[in-house]
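For reference, the chain that follows is the form predicted on its own, supplied as structure tokens.
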Amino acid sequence: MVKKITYKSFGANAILIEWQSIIDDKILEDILLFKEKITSTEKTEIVDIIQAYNSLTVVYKNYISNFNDEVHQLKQVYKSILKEGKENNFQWEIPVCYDVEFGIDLEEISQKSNLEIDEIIQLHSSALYKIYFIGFLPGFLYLGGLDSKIYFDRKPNPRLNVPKGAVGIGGKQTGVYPNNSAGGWNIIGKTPVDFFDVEKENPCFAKAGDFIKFKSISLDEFYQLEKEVQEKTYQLTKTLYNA
């Protein structure tokens, strides 16, 4: 059950809306529905809505002169009924090569968790992951649903350069680095798929509320798909979730 949400001033031109501080599907659904309702109002004074695990930050074009009035309007929007149906959610299949050439932390995870590398790969690739939000980097999806057997703490000293496409585990989460970046997650594989392409109308194909299913592929398949991605002939596989 979604408990009471709170509204706080967040700088001169933003309002922070917070839910209970837990990772929960019901809370995510409430956040996404509220975000859709705010977006549907088409209020020109709102220039951005930033979503996280337990919050929405509503950013206004100008200084908020009356905080209480703005909060009252947001509460009315929250109570309203969305005129159009909710957006469809999709399940995306993401090919991942877990070969140790890319999965440079697999052996360490195996030793410390007493799991065979094949078991780690099976646990990671068999789960269905929900996208909670996008952040840290453009196209970086925060995924929930990791099997507790392969929870693994972030590295105490982050690497300065994690390659684009690296698939990592950070604590209770898993995700894919959309670009070369510094990062402290444990790297277990790599995907050839572009998670953020600035040349596309929609640079990131997925959205919060969608699902990710990883598919284990060989090194040969990885390089073949990488070639297709570079030649822009690769087509992602997606299905309507709960269709």
Partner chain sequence: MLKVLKSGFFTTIQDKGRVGFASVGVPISGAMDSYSADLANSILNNSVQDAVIEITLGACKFEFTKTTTICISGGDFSPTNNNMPIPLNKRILIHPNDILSFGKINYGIRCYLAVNGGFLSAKKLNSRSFYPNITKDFLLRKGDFVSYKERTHSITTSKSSIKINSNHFKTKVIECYSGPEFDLLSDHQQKQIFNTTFTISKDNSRMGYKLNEIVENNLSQILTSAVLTGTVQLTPSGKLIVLMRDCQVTGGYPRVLQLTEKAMNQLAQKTTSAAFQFSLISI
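Positions refer to the first chain, counted from 1. A quick note: this is a predicted structure, and the numbers were derived from the prediction, not measured.
The same protein has a further form, the form predicted together with the partner chain, not shown here; the description that follows concerns it.
Every member of the trio A12, E18 and F133 reaches the partner chain in the predicted bound form with some non-hydrogen atom inside 4.5 Å.
Look at 55-63, 37-45, 212-220, 185-193: in the predicted bound form, residues with non-hydrogen atoms within 4.5 angstroms of the partner chain sit in 55-63. By the criterion of a heavy atom within 4.5 Å, K238 is excluded from the residues contacting the partner chain in the predicted bound form.
By the criterion of a heavy atom within 4.5 Å, F152 is excluded from the residues contacting the partner chain in the predicted bound form. In the predicted bound form, none of the heavy atoms of D69 sits within 4.5 Å of a heavy atom of the partner chain.
Within this chain, L33 is remote from the site of the partner chain in the predicted bound form, having no heavy atom within 4.5 Å.
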